[in-house]
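Encoded as structure tokens, the following chain is the form predicted alone, with no partner shown.
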Amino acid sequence: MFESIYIETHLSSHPKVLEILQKYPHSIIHKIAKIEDVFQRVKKPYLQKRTNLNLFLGEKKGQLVKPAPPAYGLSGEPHFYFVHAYNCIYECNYCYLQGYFHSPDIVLYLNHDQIAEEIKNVVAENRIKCPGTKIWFHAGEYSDSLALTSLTGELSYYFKLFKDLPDCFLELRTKSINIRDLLKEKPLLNIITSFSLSPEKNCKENDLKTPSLKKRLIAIEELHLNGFPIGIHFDPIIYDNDLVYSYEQLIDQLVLSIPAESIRYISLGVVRFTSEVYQQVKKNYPDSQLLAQEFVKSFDNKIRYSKPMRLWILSKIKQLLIDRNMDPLKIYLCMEDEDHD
């Protein structure tokens, strides 16, 4: 998978580094002082990931846990995300990472102990500010939370951490079916695996190199039957003339895998881009049906469908969920503000 592996020199004898190197004996090894000396220094086109992908192993510096943007999760509770990796092995044509980093190479940070300490500090601060409030943490902001866990082995670390933080929640956002290491853990009610789902046709056209919808639904069912809490993201929703029918089909397939009442929450979000990502999408996927509709600059300077169109889409899909016994209080709009255009 990786042509070259770049390792921060002080981690050369780290057990996880040695374990990863054993899995990729043919990769070229480079020792570097720090990841930033190489990663992104030379701009590498996003689509080069199809033929040339490198791996960086190091320690994350600076702020490890950050406040999540507004409307990132269920409202009324503080949300944070932590940074443990950059970039993704998949190739979704709407992915904002194609305009975020100047390289599609994979970065894995190994200082989970420091991330854990910062999570504990954030928890302590918020218990003082908002006593009794549930605190949420999200993994997968810049990567997929499960795709490479067989490589990183990090899940056991965070299960131990959140077992001792019962008033806090961890969300693992994913499109992966790599649930093997997850099934080795004892389920915790405060660790939710949330799957991003789209209708089958959209998965094939837009979620490139990801597991199929059918395989994701099988993974959801297996985790549910083994007691793992499940969340769902219908995000991004991409409009086409079959939107209502295709989401009826998707929801019907979903509730065959897991009963609606067992889903912890469902987020709804319409496709959106920053201006830079929008330009990259047009460059990388000029013939994609993703670009077929008209987009406008909206309330937060992101490129979206017009507000009337967005609200129609979101209300329609929300009603489809309610019609299939989904509790409306478990449905929230992601990165959407009904008070702005």
Partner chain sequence: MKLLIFAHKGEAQAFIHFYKLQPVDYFVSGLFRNDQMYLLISGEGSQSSSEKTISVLASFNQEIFEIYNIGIAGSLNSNFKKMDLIWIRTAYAHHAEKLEFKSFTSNSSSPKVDCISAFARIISIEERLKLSCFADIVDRELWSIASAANLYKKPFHSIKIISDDLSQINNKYEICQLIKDEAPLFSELLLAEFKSSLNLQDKKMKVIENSFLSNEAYYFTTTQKRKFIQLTNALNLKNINIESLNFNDLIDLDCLPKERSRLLLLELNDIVNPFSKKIRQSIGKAIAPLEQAGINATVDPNLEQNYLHLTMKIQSERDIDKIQAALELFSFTQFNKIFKGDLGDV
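Just so you know, these numbers come straight off a predicted model, no measurement behind them. Numbering follows the first chain given and starts at 1.
Keep in mind the form predicted together with the partner chain is missing from the figure; the text below concerns it.
Taking a 4.5 Å heavy atom cutoff to the partner chain in the model of the complex, the contact residue among V65, M309, I32, A68 is M309. Among residues of the shown chain, S27 is not one whose heavy atoms approach the partner chain to within 4.5 Å in the model of the complex. Using a 4.5 angstroms limit between non-hydrogen atoms, K61 is distant from the partner chain in the model of the complex. At a distance threshold of 4.5 angstroms between non-hydrogen atoms, H102 is in contact with the partner chain in the model of the complex. The partner chain in the model of the complex is not approached by S275, whose heavy atoms all lie more than 4.5 angstroms from it. Taking the partner chain as it sits in the model of the complex, the stretch 131-169 never comes within 4.5 angstroms of it through any non-hydrogen atom.
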